[in-house]
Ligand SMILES: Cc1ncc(COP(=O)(O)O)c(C=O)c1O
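Just the one chain here, laid out as structure tokens, in the form predicted alone.
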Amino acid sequence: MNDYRRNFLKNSAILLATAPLLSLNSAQAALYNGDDKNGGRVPDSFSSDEDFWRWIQTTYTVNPNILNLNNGGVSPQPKSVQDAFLHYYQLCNEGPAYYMWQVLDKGREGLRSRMVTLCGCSAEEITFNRNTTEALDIVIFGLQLQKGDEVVLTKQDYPNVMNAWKFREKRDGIKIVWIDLDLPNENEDDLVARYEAAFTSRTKIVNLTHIINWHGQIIPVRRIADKARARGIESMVDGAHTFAHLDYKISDLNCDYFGTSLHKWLCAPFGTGLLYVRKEKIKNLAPLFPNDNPDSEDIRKYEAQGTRNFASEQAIGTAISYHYGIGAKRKEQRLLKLKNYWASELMKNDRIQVKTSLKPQFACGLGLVSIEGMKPGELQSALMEKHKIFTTPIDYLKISGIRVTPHVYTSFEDLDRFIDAMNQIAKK
């Protein structure tokens, strides 16, 4: 019996004996103490240990009869996060005006401090909102751009983000410089060169989607942000599909602005997001909902949202604890392993095309796949109606297929079910 299995069984016995006395967060800590930076076990040893991941699967309340492979859209929360949300929600209902404004509203400062370790930046550079779209819209509409100023985008960026930039182009006369990426692309130098070729003396900011949501391509945002900064160009990163998915800090990217949704890979409550603004940029970035001092250098000027969902916001803290429990590197390795497992198996079928890289520097847990002769919507319907497997159909520009996004609660048995279903459909 290896050391991990021996410790697993020992700690499991302790957990069962003391379960009535433990919250789920405490139980997690007793079981696996997984925070990488605080002495957690070696991630590689865990990424192949199914005992650990089977326990993780039991902490979710997903319907076992429907296989959800659309976690990239919005992820379910583990039971501990659901319980935290319900606790705060019920607390608010005991006296809304008191508990919401006098108690939970003050809890944001503690949450901001906890998020620092995950982001690798100052608490004075982080603010919370509802999703990536809202976070990036604050930047897009808050920048002091003038007629003729240029913004670099790709046609593969997220539609809501492109639409916001198009609106500024229409309203203010800025110019969007479009890049059309041919993806998947396993040449990092080529990706960087395509962005750099679009820079001119009029370029003010480059929009960078860290993982292209359509098929999982990882963009080398740090290298592009470095090139931009050297030319006095700002960078904004759409981190919707990388935050708590890939093991990195926002500070690693050297960007000026960053937005993400916390209800995807962090598994925080629905409708939670985060915005990062480099400290020296805050003063000149106008808030979308102004407070009494919109020219302030205080990140809190972006929090004048009126009545907000305090329960969802405060439960983010429990999602952070859960993420630390697994460990960032361990989680990334698991998500990559899940994607590469189903993708490698389906590549054996000549009628099935996997359209996402298997190399970790170019993709991780999100992938795109198609069956020859089938439209994405047809394939999505066949999987759901006949096999109760839920995926996302993608038919956009040159990108066609179904997007497949397992999560940490997805088992290899689940993926075998998906693989078998795809091979059955491909036969017909």
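The numbering used is simple: start at 1 and walk along the sequence shown. This is a predicted model, so every value here is computed, not measured.
Another form exists, predicted in complex with this ligand; not displayed. Remarks below refer to it.
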| query | finding |
| --- | --- |
| T203, S80, N131, S357 - the one with a heavy atom within 4.5 Å of this ligand in the model of the complex | N131 |
| Listed residue that, although this ligand is not shown, lies within 4.5 Å of it in the model of the complex (heavy atoms), from S235, Q314, S75, N213 | N213 |
| 4.5 Å heavy atom contact, A319 and this ligand in the model of the complex | no |
| Y99: touches this ligand in the model of the complex, heavy atom cutoff 4.5 angstroms | no |
| This ligand contact in the model of the complex: W165, any heavy atom under 4.5 Å | no |
| Partner proximity in the model of the complex: Q217 to this ligand, non-hydrogen atom cutoff 4.5 Å | no |
| Contact stretch among 171 to 179, 285 to 293, 226 to 234, 255 to 263 - heavy atom within 4.5 Å of this ligand in the model of the complex | 255 to 263 |
| Heavy atom contacts to this ligand in the model of the complex at 4.5 Å, residues of 218 to 244 in sequence order | D238, A240, H241 |
